[in-house]
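Presented as structure tokens, the chain that follows is alone, the form predicted on its own.
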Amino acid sequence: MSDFPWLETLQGAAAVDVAARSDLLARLAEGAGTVACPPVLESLLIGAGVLHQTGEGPVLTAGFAQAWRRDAAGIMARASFIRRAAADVATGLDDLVSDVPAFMAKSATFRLFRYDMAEGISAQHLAATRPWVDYVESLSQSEIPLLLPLIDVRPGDRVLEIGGNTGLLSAALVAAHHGVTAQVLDLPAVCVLGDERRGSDTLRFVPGDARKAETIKGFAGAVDVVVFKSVLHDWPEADAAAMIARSAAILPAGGRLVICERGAFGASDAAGKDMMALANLVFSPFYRDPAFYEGLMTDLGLRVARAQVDCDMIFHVTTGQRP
């Protein structure tokens, strides 16, 4: 997590979250004169590389100030998520390893991902959706440079990204390949936020529910590549298999279905030294061996290839091409 060194310890992440929620970081970033900071919080932020002390009071370090200007929302989203994950693991590990539904029912992490609140577009719906959208977007900022070279998109392709959040990956694909256009299918509130951030003539957001058979079928004849990134692990095997089958069915000859997912959580992932290991732990029961996706694609008659890259876990990019 080298892009976020101040979040590499729990105390650092918690301190950043507290300082962000109180507007302390925003006021320091704006140069709002002398800003009072509680002594313990100041010590934690200095230890995390966020602040340094001057004769006139604490100021942001150059590195953190630059990162805050670039991606304040991402820093806040990650810090907040790490606190939630840490609390869930500390109090709920017994259930996580033995009774996943009970863990989810008590988990602050899973209360964050209110997909039901993303089905509307009122101010209340958008406010409930924005925190987890910001967290997913922050993860994508780190993941996409590593994944992009492994995704088989060619000049002129029409891309459909299912569950594409705010379209960060689709925008990167459009920028990387001449003549590519993309559509992001996601829940209504997510599409509103995505359209605000990067909607364009070459990147459209289409609200809908990919679990409904007619939704994906509606794109038949209009796509060359279907992409899922960090989506299918959210759903039971039967739902994931159905979405994969419907996506394969709309591909033309030579069309590709691309699935980007973390692999099954293992000992090396659990041994991670930074806070992303903790954040990933709460989702550990849902990450799958990529052979699951490869087998489904093969059974659908697609020619399958797989590549991988090391991010905070091993990401597998499994591609099925229609003959």
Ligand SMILES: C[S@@+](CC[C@H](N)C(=O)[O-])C[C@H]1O[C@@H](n2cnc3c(N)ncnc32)[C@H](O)[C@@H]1O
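Residue positions are given as counts along the sequence shown, with the first one as 1. All values reported here derive from a predicted model rather than from experimental measurement.
Same protein, other form: the form predicted in complex with the named molecule, not shown, and the subject of what follows.
- This chain appears without its partner; in the model of the complex, the one residue of L187, A240, V159, I151 with a heavy atom within 4.5 Å of the named molecule is L187.
- Site annotation in the model of the complex: the residue of V225, V231, A77, A182 reaching within 4.5 Å of the named molecule with a heavy atom is V231.
- Each of Y115, V136 and G164 is positioned with at least one heavy atom within 4.5 Å of the named molecule in the model of the complex.
- Residue contact with the named molecule in the model of the complex: L203 places no heavy atom within 4.5 Å of it.
- Contact annotation: R111 falls outside 4.5 Å of the named molecule in the model of the complex, judged by heavy atom distances.
- The named molecule is not drawn, but in the model of the complex it has a heavy atom within 4.5 Å of G208.
- Proximity of F219 to the named molecule in the model of the complex falls outside the 4.5 Å heavy atom cutoff.
- Partner proximity in the model of the complex, defined as non-hydrogen atoms within 4.5 angstroms of the named molecule, places exactly one of 84-92, 247-255, 208-216, 101-109 at the interface: 208-216.
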